[in-house]
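Just the one chain here, the form predicted on its own, laid out as structure tokens.
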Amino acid sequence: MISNADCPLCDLSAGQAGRIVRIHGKAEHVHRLAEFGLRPGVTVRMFRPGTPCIFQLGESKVCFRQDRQLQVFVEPMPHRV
């Protein structure tokens, strides 16, 4: 389980939630993610970590490939017991 203040989205472990803290990339890519609902303050839950990763955003599962040109950083939340 990742416990840093923030980490790349794809580094969350399966089942772990994280709150989006920032997105780095070209303005048009960041804007497109925001239109999709992925923006700072939103909570996501990792379904399958790695690259690409699959995470849950609301009721949808989203496949995302993070690279140097588009990075999403989250504040990890502890696993539920």
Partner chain sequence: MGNPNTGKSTLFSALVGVHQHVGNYPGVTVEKKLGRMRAGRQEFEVIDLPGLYSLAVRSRDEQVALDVLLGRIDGDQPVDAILCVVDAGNLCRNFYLLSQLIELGRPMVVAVNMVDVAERRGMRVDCSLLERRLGVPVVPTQAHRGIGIDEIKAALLRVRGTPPPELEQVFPAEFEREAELLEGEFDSCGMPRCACRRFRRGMVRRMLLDVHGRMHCGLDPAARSRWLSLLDSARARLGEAGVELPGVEPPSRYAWAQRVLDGVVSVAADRPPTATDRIDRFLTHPIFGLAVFAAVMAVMFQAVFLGAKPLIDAAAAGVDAVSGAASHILPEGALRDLIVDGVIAGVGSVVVFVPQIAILFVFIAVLEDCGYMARAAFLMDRLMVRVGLSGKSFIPMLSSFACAVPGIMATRVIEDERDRLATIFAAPLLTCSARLPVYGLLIGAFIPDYRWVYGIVGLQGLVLGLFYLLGIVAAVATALLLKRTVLRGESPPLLLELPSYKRPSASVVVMRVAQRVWVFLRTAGTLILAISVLVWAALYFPRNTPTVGPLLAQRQAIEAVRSALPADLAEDDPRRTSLDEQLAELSRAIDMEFQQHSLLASAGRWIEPVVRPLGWDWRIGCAVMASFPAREVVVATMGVMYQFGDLEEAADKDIDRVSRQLRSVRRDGSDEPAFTVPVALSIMVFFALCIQCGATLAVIRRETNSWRWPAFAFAYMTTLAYVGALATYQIAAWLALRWA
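Numbering follows the first chain given and starts at 1. Quick caveat: nothing in here was measured; it's all calculated off a predicted structure.
Beyond the structure shown, there is the form predicted in complex with the partner chain, which is absent from this document and is the topic of what follows.
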query: The partner chain contact at F73 in the predicted bound form, heavy atom, 4.5 Å; finding: no
query: Proximity of S13 to the partner chain in the predicted bound form, heavy atoms at 4.5 Å; finding: no
query: Contact of K61 with the partner chain in the predicted bound form (heavy atom, 4.5 Å); finding: yes
query: 4.5 angstroms heavy atom contact with the partner chain in the predicted bound form for R65; finding: yes
query: In the predicted bound form, residues of 19 to 40 near the partner chain [heavy atom within 4.5 Å]; finding: K26, E28, H29, H31, R32, L33, A34, E35, F36, G37, L38, R39
